[in-house]
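In structure tokens, one chain follows: the form predicted alone.
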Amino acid sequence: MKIQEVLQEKVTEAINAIYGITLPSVEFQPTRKDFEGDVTVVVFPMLRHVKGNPVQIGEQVGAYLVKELDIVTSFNVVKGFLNLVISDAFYLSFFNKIQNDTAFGLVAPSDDAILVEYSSPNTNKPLHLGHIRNNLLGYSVAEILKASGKKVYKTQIINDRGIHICKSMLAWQRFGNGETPENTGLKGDKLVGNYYVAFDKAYKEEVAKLVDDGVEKKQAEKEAPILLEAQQMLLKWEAGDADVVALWKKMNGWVYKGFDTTYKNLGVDFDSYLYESDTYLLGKDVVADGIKNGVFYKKEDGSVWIDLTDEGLDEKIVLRSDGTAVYMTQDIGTAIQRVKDHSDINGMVYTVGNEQDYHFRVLFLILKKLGFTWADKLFHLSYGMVDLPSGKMKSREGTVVDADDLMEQMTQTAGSISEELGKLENYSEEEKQSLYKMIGLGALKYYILKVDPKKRILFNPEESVDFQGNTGPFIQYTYARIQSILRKAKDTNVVWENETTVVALHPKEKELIKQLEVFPDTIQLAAENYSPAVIANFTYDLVREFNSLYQQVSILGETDEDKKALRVQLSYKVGEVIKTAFRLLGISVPERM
């Protein structure tokens, strides 16, 4: 039983015995470092039910706990805070129970299924830095939900149709001269992305020429010949023109192969895919039913709308006057289709940037009004943009930070810093490159995931690969240090006899066990908040506690064999939890470094 569960019962019992009142709940928090104690009972909330001085209440409850609970050895009261000192025996008993539990903190999957959507790129350009944050968040949240006991489906919808796709296709027709990924050596997504940039360049040149010829700029932007041709290509695609569809399939095929390579290098995966070309007509039938049921209404021009002004929003179009769908229509239909495809799902998580906050508020509200009870279980995992010191990225102008290039840069940066620190003696070149990639990707992922998803990030590659502070490499290095200790301990045959051995805990050992104790609750908290940052910052705190122990006490040099054995086993468990936590973030850890 957890310490707070034990204390909850006894504090409630104490208040009832002393004051004849039953508390609905008891609030706890870790004891502040500047006070003696392990767990603090917050007395102030009790004043809503118990009349009296908070210090006096704390003193009386503390005395009751010391008398009735062997695990509470002493207490002190500071204003309205009752600080309790918990016995070494309790923490040793807890550690003995978890040390051989290889699934510590993890809950076995249940039938409670949830679908997590992330990535969802366009097929007119390669993945960039913004996609990296999206993928890392979505993948990590899916893994955390799985660890918390959910059955998880990872999915994405690929935006493979529309005018932006036709722009790349038309530019390749005009300027490509038969270029392919095979004859250029370029990844397919990069090749196609180059032609998206080429289209924009040609478009701007045509607009400038029209303006020079006396056409107003706004009119010129609408009448540039290359844009009109792209619009015609889109109409041909929608009509099923064989040549246009064949070109679309060929170029999208190049892009998919490129995406697959990026996903593999980034370490993310999916259970299923949807394509906008298959889903863009979904939802029109639902709109027709919604009109009959009074959820939607038709305007005189034939367009269909929903009025959400009573909910503090506005009127939203769901079908154009010509009968064509808008994105909202498609998203309504796609959500319904996903529930049909996965009858066991009890919720969906959409990993999409915060510029779409309003869109998802409207989507979820429409689905509720349409009578879908599962709409209450939809969540928009909204996240802020990722900026670089060089400024904002623009796809059309080719100033985006390519995901592949960034991962390669991170590997090179990790290599340069590692070489400077001289940490890799006796490594083969192949081992070095593998480790550089592990460190570089770990640095990138941790730097992004340690930040609350809602916050905007200024990403600094060099800062992320620092081997000190709250960084991925610092935690990876600590894990490698633990593995070194364990290898040496194996040679000396150190054994911790957990059933019979009783030792006095060093304060640092106690703090470390206390940090381990909260790992299961940390996973649940991260799942409830859809926040990998909760896991990342727990891991950093755990690593700090371990390094504090490492610096203040001897592990393998300890002369007391029982204490040495405990510290070795504690090191092993800390390493195991680091590895588990980092796996939930999609980060690997090195055995040596």
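Please read these numbers as outputs of a predicted model, since none were measured by experiment. Note that residue numbering begins at 1 and tracks the sequence as displayed. By rigid core we mean the largest C-alpha set that fits within 1.5 Å across both forms.
What comes next is about the form predicted together with the RNA, which does not appear here.
Undergrad: Where, among 473-481, 196-204, 244-252, 263-271, do residues come within 4.5 Å of the RNA in the predicted bound form by heavy atom distance?
TA: Among the candidates, contact is made by 473-481.
Undergrad: Quick check on this chain: which one of 456, 377, 209, 432 has a heavy atom within 4.5 Å of the RNA in the predicted bound form?
TA: Comparing distances to the RNA in the predicted bound form, the residue within 4.5 Å is 456.
Undergrad: Among 511, 517, 466, 221, which has at least one heavy atom within 4.5 Å of the RNA in the predicted bound form?
TA: Of the listed residues, the single hit is 466.
Undergrad: Classify residue 593 as contacting or not contacting the RNA in the predicted bound form by the rule of any non-hydrogen atom within 4.5 angstroms, answering yes or no.
TA: Residue 593: yes, in contact with the RNA in the predicted bound form.
Undergrad: Heavy atom to heavy atom, is residue 565 within 4.5 Å of the RNA in the predicted bound form?
TA: Contact with the RNA, no.
Undergrad: Indicate whether residue 361 is a 4.5 Å heavy atom neighbour of the RNA in the predicted bound form.
TA: Residue 361: yes, in contact with the RNA in the predicted bound form.
Undergrad: Wondering, does residue 30 line up within 4.5 Å of the RNA in the predicted bound form on heavy atoms?
TA: Taking the distances in the predicted bound form, the answer for residue 30 is yes, it comes within 4.5 Å of the RNA.
Undergrad: Within 4.5 Å of the RNA in the predicted bound form, which residues of 73-95 have a heavy atom? Give them in sequence order, or say none.
TA: Sequence-ordered list: 78, 79, 81, 83.
Undergrad: Tell me, please, whether between this form and the one not shown the C-alpha of residue 102 is shifted by 2 Å or more, with the rigid core used for superposition.
TA: Residue 102: C-alpha displaced by less than 2 Å between this form and the one not shown.
Undergrad: Does residue 343 shift between this form and the one not shown by 2 angstroms or more at the C-alpha, the core having been superposed?
TA: Moves: no, less than 2 Å.
Undergrad: When the rigid core is used for the superposition, does residue 177 move between this form and the one not shown (threshold: C-alpha shift of 2 Å or more)?
TA: Shift of 2 Å or more: no.
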